[in-house]
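The data below hold one chain only, encoded as structure tokens and taken in the form predicted alone.
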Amino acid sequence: MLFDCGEGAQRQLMIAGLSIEKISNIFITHMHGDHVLGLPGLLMTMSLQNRRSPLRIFGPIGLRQFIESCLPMIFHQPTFLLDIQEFVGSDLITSGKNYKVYSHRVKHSVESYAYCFKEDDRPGKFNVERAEELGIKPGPLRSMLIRGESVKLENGRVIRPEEVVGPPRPGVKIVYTGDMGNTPGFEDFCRNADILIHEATFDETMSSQADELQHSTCVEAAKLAAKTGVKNLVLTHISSRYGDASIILEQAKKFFSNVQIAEDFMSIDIF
């Protein structure tokens, strides 16, 4: 999944060693150039590489017109199904095997959305020692128990899942804001996220400019993370006026400790 596609996105994907072919869904937050101008080149490369698998692109009204206006310059003849899905409002956008993606409209100078990737709850931890005590050997019976099914042993004893499997564990939750100013009611969308990727265009001394341009300060992002029980905060979309982003990090840490500045090719493990 790719969230936003600014100019140079495919170059960064290639440098990172990530397969363009494996992208199945692209989610666009809003129609400003720094979030969409990488799409034409990316789509052209996919076609030149003779892509066959479908590609879905989600975003606000205007996305379809933008892409279709570029198509004559991109394709002689499309090699894959391109499914453009525009939406309005906060809702469930799509779902797949063990996950869902939601949108939430946020305040910005144009129609703009944040996205939440939510993995379905995962099975509880399997107690291997207890299973061995009960005589449950590795194999299909253990898999059935993990799936929540009771099993019958050779001796006739019935083992229920709760005897060897712990309670379900919450799935991973990641929230990505794109560009946004102060948005009432956004807290529940972020609550208990494993990672909140939040724009922090300005430091707190420029809060009036942030309000005027409908962007966020690093302190606003940090306070939101603290208020909603977020585990990790990643600050991005930092103004180029900050050659050194240490002031952004320093101000944010006064309100939320587990925060870092996004960097190119950053990789974060979620457990």
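Remember, predicted model here, so these are calculated numbers, not experimental data. Note that residue numbering follows the sequence shown and begins at 1.
Although it is not shown, the form predicted together with another copy of the chain is what the next lines describe.
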Subject >> Partner-contacting position among 92, 81, 158, 110 - heavy atom within 4.5 Å of another copy of the chain in the predicted bound form >> reply: 110
Original post:
Between the options 12, 24, 19, 258, which residue brings a heavy atom to within 4.5 Å of another copy of the chain in the predicted bound form?
Top reply: 12
**OP:** Using a 4.5 Å heavy atom cut-off, state whether residue 237 contacts another copy of the chain in the predicted bound form.
**Re:** no
**OP:** Answer for residue 245 alone: is it within 4.5 Å of another copy of the chain in the predicted bound form, judged on heavy atom distances?
**Re:** no
Original post:
Is there a heavy atom of residue 126 no more than 4.5 Å from a heavy atom of another copy of the chain in the predicted bound form?
Top reply: no
Original post:
Is there a heavy atom of residue 212 no more than 4.5 Å from a heavy atom of another copy of the chain in the predicted bound form?
Top reply: no
Subject >> another copy of the chain in the predicted bound form: contacted by all of 31, 38 and 66, heavy atom 4.5 Å >> reply: yes
**OP:** With another copy of the chain left out here, work out from 128 to 136, 167 to 175, 193 to 201, 71 to 79 which stretch has heavy atoms within 4.5 Å of it in the predicted bound form.
**Re:** 71 to 79
Original post:
Your call: residue 76 and residue 42 CA atoms, closer or farther in the predicted bound form versus the shown structure, by 3 Å or more?
Top reply: closer
**OP:** Taking the shown form as the reference, report whether the CA atoms of residue 32 and residue 77 lie closer or farther apart in the predicted bound form; the distance changes by 3 angstroms or more.
**Re:** closer
